[in-house]
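What follows is a pair of forms of the same protein chain, given separately as structure tokens and numbered structure 1 and structure 2.
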Structure 1
Amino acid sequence: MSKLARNKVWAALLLLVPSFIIIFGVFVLPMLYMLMISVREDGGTGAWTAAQYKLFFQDPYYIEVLWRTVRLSLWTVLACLILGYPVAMYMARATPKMRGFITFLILSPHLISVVIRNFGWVVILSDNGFINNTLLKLGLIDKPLRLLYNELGVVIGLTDSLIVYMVLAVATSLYAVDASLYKAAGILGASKARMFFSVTLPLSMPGIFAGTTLVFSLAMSAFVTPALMGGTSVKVMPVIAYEKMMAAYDWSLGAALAFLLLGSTLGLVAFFTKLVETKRHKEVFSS
């Protein structure tokens, strides 16, 4: 390697040092330490043990919590897809200016704390909230609908905060679809429905895939929304991990729960990837 090239590598390393210190000291090392705590006794120094993980899988309560977390995340993905896909389609057909405007509108609430957005939903969905108030006044119902502090409330809250990822992922893949394809399909005499199923949908699969995995992962690890909109009855993995850590001070179990959450999310995403990546899909999109 020439002197100049060596100097460049040194310069690069020097500039990277501060970030590396942060990433290693506050992320990589703590993650490894947490792994130790979850698999060794006496706070990560004693004998090797799988007790925490055994405890989890032998207790039906924890299995129920994990299943609930997965179930709510799947509902959220479905809601985001059903509501988000048409928005992405609309954006793909709009002018760049309109696209920018819609992007701005759905992104900007994202920059406001999730605590506050959830609070807004509480005002809308609670027993004397906006929706129940309106329906009661119109005489459509005679006692308030239960929209909050149950699984429905959690799904509404999660959909609100995660739909933006689905919309942008799908929209990005639709932008890449050449407009001439639609014209070609139109000339060949495809109906609108046919055009959707034979052109739009297949070509947006990478976007759907990206959006789905992202929304699912984020829903699995969401803490604030289940805590604020699910109440005490809807316990999900992040909430019980928090309780074990901060209320029961059972750090070994807390650490194990964190890894189980991470592992189950990655595992399910991998499973889903396998499921979607059929041969044809791979051939078309692997490049």
Structure 2
Amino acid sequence: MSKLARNKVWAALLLLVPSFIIIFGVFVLPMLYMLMISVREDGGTGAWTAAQYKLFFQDPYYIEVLWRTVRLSLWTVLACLILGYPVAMYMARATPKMRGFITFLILSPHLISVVIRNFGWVVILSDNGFINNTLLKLGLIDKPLRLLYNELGVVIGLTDSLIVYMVLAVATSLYAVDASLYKAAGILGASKARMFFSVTLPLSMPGIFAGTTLVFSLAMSAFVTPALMGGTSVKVMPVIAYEKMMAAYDWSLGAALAFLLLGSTLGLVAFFTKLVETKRHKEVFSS
């Protein structure tokens, strides 16, 4: 390697030093400290032990909470995909001006705190909220529907918060689809449904994969929405970890639950990635 090339490499490394320092200081060190707390008694000051992790696997309650967290995340992914895919398709076929306007509409709610948005959903979904009052006045129901403080309410809140990631991820893939492919499919006699399943859907799989990964990961770690819209009846892993640390002052168990949640999320995402890449759309991801 020439001296000029070595100087360029060192210059690039020096530019990365501030980022490495920030990442190490605000992410790596706290994670290592939490890991140490999770394997020691008395909040990280006692003897080394794996009792917290054993308790998780021995207590069916924690297994049920983890499964509930995964289930709600999967339902959220499905809801975001069903509701977001048509929006992404419309954005891909719209004019640049309309595309920018739709992007603004999708992003603008996120200028408001998630807490305020969730309280807005509480007003809409409560027993005396807009939906139940409207249905009661129309005579469609005899008593208010239970739309809040259950798993349905949590999925609604998470979908509202995370659908933007699915829409933008899928739309980005659809932007790259050559319009001539649709013309060629039409010339060959393909119907609109055949075009969708043979052209649009396969070529949008990278976007679906990216959106699914983002939505699932964020839903697994969501705390505010399950706490506000699930109440005390819907416990998920982030809420349980918070309660163990801040209410029960059991920092060792809370840290262990946090790392088990992290490991479960990474494991499921890795499994999904491997599953997708080994199926019929593998050539799409490798292109």
Partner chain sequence: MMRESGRFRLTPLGLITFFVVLMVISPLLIIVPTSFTSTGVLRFPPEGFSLQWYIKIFDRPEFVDSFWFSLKLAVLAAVIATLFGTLAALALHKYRPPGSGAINALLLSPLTVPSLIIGISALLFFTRIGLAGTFTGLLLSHILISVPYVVRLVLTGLSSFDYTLERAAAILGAHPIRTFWDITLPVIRPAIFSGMVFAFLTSFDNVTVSLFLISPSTTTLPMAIFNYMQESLTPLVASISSIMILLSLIFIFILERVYGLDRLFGSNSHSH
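Values in this document were obtained by computation on a predicted structure and should not be read as measured data. Reference numbering: structure 1, starting with residue 1. Between two forms, the rigid core is defined as the largest C-alpha subset superposing within 1.5 Å.
Of the two forms shown, structure 2 is the one predicted alone, while structure 1 is not. Fitting the two forms on the rigid core leaves the C-alpha of Val269 displaced by under 2 angstroms between structures 1 and 2.
Annotation for Val26: C-alpha shift of 2 angstroms or more between structures 1 and 2, rigid core superposed. Summarising the core-aligned comparison between structures 1 and 2, the C-alpha atom of Ala11 is found to shift 7.2 Å.
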